[in-house]
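Next up: just one chain, as structure tokens, the form predicted alone.
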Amino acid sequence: MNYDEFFELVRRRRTIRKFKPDPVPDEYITNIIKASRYAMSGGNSQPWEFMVVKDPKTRGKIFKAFVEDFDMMYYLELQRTPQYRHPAFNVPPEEKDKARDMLSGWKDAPALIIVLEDPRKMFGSVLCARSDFDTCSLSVLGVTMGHLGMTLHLAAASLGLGSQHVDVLTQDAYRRILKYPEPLRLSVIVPVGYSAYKAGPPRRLPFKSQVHYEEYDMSKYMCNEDFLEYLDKIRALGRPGYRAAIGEAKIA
């Protein structure tokens, strides 16, 4: 693979928020997991395990657990002023179901890759071996699991599949459904399948605004007022993708 091919794969990867129910070949799921296992990890600790869930009843239970957490997420986000809210939550209370629809289109995905993390394994990292379990180990763990996530999503895109990164708010309900033991935790749910709509183009901030050469360019530094403008801007960049998933945005 040359750079142009790699760049096209990275650019083409899109977060998909509504899936067709069409089945995904088992070989594809296996290959996605095989590739993601080569992600970087602190001290090569590889603190991940995977569960593949295709049974409709189990998928339904997992989705119900997600929906039960939704109200708390929604009302917490309402504490922000409207222009700074997460794009999927920027609707009035009487339209709360619309917000839920923007976040729950993955219910029809034919397969879920459940990524588990084992915090104990982070003591394989040099940094964690020199610090306490509750702070540094979890911070390095978060970075490590991020490496895994991007590799997993790129692998799915390479196979022509869509995927989504679904964070969870609590553990108890998922632990009862999937029966994973302590101290393992559910890190992320990754629905995988074929997109049910045409995703829009990737929206990124200008290259020049994010890159410095030799020393930091203070003309690009954000003061507090600049940060609020920035937050408003990235919320606007993200909004079309959520609206497109429920058929309310034109793809441009």
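Numbers for residues come from their place in the sequence shown, where the first is 1. Note that this is a predicted model, so its numbers are computed, not measured.
Form predicted together with a small molecule: not shown, discussed below.
For the options L161, I177, V166, A111, the one in contact with the small molecule in the model of the complex, meaning a heavy atom within 4.5 Å, is V166.
Residue R204 is the only one of H212, R204, R37, K54 with a heavy atom lying within 4.5 Å of the small molecule in the model of the complex. Partner contact region in the model of the complex: 166-174, out of 166-174, 112-120, 77-85, 90-98, criterion any non-hydrogen atom within 4.5 Å of the small molecule. Using a 4.5 angstroms threshold between heavy atoms, R17 counts as touching the small molecule in the model of the complex. The small molecule is not shown here, and in the model of the complex it never comes within 4.5 Å of any heavy atom of R235. When the small molecule is considered in the model of the complex, R243 lies well away from it, no heavy atom lying within 4.5 Å.
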